[in-house]
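Given as structure tokens, the chain that follows is alone and in the form predicted alone.
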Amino acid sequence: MTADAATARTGGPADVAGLRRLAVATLDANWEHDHTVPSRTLYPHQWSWDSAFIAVGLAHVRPERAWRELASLFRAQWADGRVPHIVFNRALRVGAYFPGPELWRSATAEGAPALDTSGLVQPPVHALAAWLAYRRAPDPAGLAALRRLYPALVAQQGYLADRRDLTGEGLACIVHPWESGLDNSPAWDEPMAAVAAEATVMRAYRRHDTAHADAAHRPTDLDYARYLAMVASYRDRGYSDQVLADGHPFLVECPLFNAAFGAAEHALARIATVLGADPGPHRARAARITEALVRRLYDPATGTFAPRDLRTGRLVPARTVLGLAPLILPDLPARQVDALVVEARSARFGVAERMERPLPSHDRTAPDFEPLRYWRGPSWLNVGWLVRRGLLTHGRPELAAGLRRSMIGLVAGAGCHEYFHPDTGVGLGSPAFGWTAALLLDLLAEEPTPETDRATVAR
């Protein structure tokens, strides 16, 4: 079934109402006292960028929960401003998730909160989520919540600018593929190849993910051994960023991460204006990030953005959906916008007014394209949602509308799965997945007209 064929099922009000009910029921079932778990099976704790996307959807139906979602996450913020990518629920048994708090040992790190967390971060989409939540319900309660959250959002950005800009060029560096959000992307194969590890290390552990999903769909044991080696390297240095350049095995400037970094400053400028603060510093940093992205990560030979491996100084050759993410930056120059639209419309990604197949996470023409394996081909709603916002930001409403129909069609055909087969649309990964439900609500809330889409993004 093509994405547009599945979308035919959402043609009437009753179908849309049914999808809304499904999304709300999914979020309600995943609610855990002050936050939403991504899924009740594979991801029973709180994840950072999941909570941001979930807040966007909750703002449509449970606005008070949207603010609680973000507030609960930021209660785990470290003293240096980092927002950890996992906040562990201590009520769960040891071994409910791997790697759990016993491997991260955050309590031993200087400046960590009293909660158990990881020491990594994820793409900073939180300021954008907060802005969208406020715009959805700009009432006194929302304004008060926004005012409380603003200093923490500023500190999050400050951490990335002050601690993670290892080159001084204006971009934040990620220290683990998990920080990109696209954990198992082919974009990380080349930098990860230099990480010393043996697959046999995993015999000492019990992987939680392969107990809930087909091992053929998940990262390999060698990948996981390298993941753990990178965690140990960072943890054993006290999660200190000052010593990263001295020997941490994975240092990469990621286009999606830094596009989110820049978009957050644009969102903070809007938030500052509403709160009576100075938006100027946010606008200045946003401009610097965009300029650095173009200078350091844009490849004119391919017409797309690519990660830069700081260990080798080279751009990574894999063409993944990461390269399309800078479209979300409103100040991206026209030359790069035009090139990314060509990339998005190419056979590699297939974005069109009428999508034949969903947006894949990796170049579908590449020899290492894997339609079933985690982030190496499958389609994800959160990345499609970001790309759609970028298309709208730069005046491509017809393409954005096609992508919107495709994403809604995925859920109409398969339910709120974690991700989807990039050819057939079959649901993969965890069922009843939080951000899929939340972003479906956001997509359904918009009338499918170019005028409405443009106005929504411009606000």
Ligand code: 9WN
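Everything quoted here is computed from the prediction, not taken from an experiment. Numbers follow the displayed sequence, beginning with 1.
What comes next is about the form predicted together with the named molecule, which is not displayed.
- Residues of just one listed stretch (229-237, 173-181, 385-393, 141-149) have heavy atoms within 4.5 Å of the named molecule in the predicted bound form: 173-181.
- By the criterion of a heavy atom within 4.5 Å, Y374 is counted among the residues contacting the named molecule in the predicted bound form.
- Of the heavy atoms in P38, some are within 4.5 Å of the named molecule in the predicted bound form.
- The named molecule is not shown here, but in the predicted bound form it comes within 4.5 Å of a heavy atom of D50.
- Within 4.5 Å of some heavy atom of the named molecule in the predicted bound form lies at least one heavy atom of Y97.
- In summary, among the residues T117, Q156, Q122, S379, the only one with a non-hydrogen atom within 4.5 Å of the named molecule in the predicted bound form is Q122.
- This chain is drawn without the named molecule; in the predicted bound form, the residue among Y224, W131, Y298, W78 with a heavy atom within 4.5 Å of it is Y224.
- Contacts between 302-338 and the named molecule, taken as any heavy atom within 4.5 Å in the predicted bound form, involve no residue at all.
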